[in-house]
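Below, in structure tokens: the form predicted alone, a single chain.
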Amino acid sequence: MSLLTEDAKGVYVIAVTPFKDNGELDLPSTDRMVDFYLEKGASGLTILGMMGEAPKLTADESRTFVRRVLARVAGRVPTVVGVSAPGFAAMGELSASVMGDGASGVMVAPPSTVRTDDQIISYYRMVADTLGPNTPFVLQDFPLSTTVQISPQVILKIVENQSTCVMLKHEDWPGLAKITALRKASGAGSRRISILAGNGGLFLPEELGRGADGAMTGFGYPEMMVDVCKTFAAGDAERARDIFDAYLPLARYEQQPGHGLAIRKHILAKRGAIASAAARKPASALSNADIAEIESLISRQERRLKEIN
């Protein structure tokens, strides 16, 4: 497996973690899921992310899941593993394990305890020291979840100080001005790193327009992000927006706080990517009304796609 670099682009799908109805890891569905994402055109995969229910896994389950994904990927695309942890010992242990198994890099979000610019810069210095010089990492900037506000200037300082920081997972909201500032700085001589956008792809056309290199997020129809990124890169921004608009109502519906994972897993199970939509407790459940709304949105989406194709 090649290591993650500053040149990464395209769509790195945030993968769900498949479970059986009884809550056990579903490893056969893990294989199906990997095949599904790659068939839909994913440039890479990211596992054990926030939507991957990583905190609900034991340490042994995390390693088992990572090894199964890496074995199925078999080096076809880069695979990033989330290793955020309350302490550096656990982070370092998991990182060493997954990199030894063939991961391309790891992703680290800041803990909610860091607040000042100096604390954030210091934290990522310790992250880089913990991971070591041969492990590239993704800085996950998701203030809606972490409550940590990271300014463009702080990101640039981290990039300047830590050569192993090769990617920003951009999930600030609103955050388009942040992408503009980072790209302006890289044009003025700062090291340019990859920027992949999150937030379920809700702002993907605008983020690409500001200089993002693609997306690192999830959606029940990952081909939307793949097609939007490819079409935008080919120079047809209007066509990319038409594709995006066809999927937007369902993407918006899937972004309901606290309910989105249940919706995404339902769609993936419906599409045959996983056997069960089960999520580990604590988890929300879909009502009959929810399912009816999803079916209606999918029908409308399919009609709109036929109209523009």
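The first residue of the shown sequence is 1; numbering continues from there. Model, not experiment: these values are computed from the prediction.
There is also a form predicted in complex with another copy of the chain; it is not shown, and the following applies to it.
*Asks:* Though only this chain appears here, would residue 161 touch another copy of the chain in the predicted bound form if you measure heavy atom gaps against 4.5 Å?
*Replies:* Contact with another copy of the chain, no.
*Asks:* In the predicted bound form, is there a heavy atom of another copy of the chain that lies within 4.5 Å of any heavy atom of residue 249, even though the partner is absent here?
*Replies:* Flag for residue 249 set to yes.
*Asks:* Heavy atom to heavy atom, is residue 176 within 4.5 Å of another copy of the chain in the predicted bound form?
*Replies:* Within the cut-off, so yes.
*Asks:* Using the partner position in the predicted bound form, report whether residue 93 sits within 4.5 Å of another copy of the chain, counting heavy atoms only.
*Replies:* Yes - in the predicted bound form, heavy atoms of residue 93 and another copy of the chain come within 4.5 Å of each other.
*Asks:* Even though another copy of the chain is not shown here, does it sit in the predicted bound form so that 151, 202 and 304 each have a heavy atom within 4.5 Å?
*Replies:* Every residue of the spot touches another copy of the chain in the predicted bound form.
*Asks:* Out of 48 to 56, 25 to 33, 64 to 72, 267 to 275, where are the residues with a heavy atom within 4.5 Å of another copy of the chain in the predicted bound form?
*Replies:* Contact criterion met by 48 to 56 only.
*Asks:* Under the 4.5 Å heavy atom criterion, name the residues of 237 to 260 that approach another copy of the chain in the predicted bound form, in sequence order.
*Replies:* In sequence order, 238, 241, 242, 244, 245, 248, 249, 252, 253, 255, 256, 257 come within 4.5 Å of the partner.
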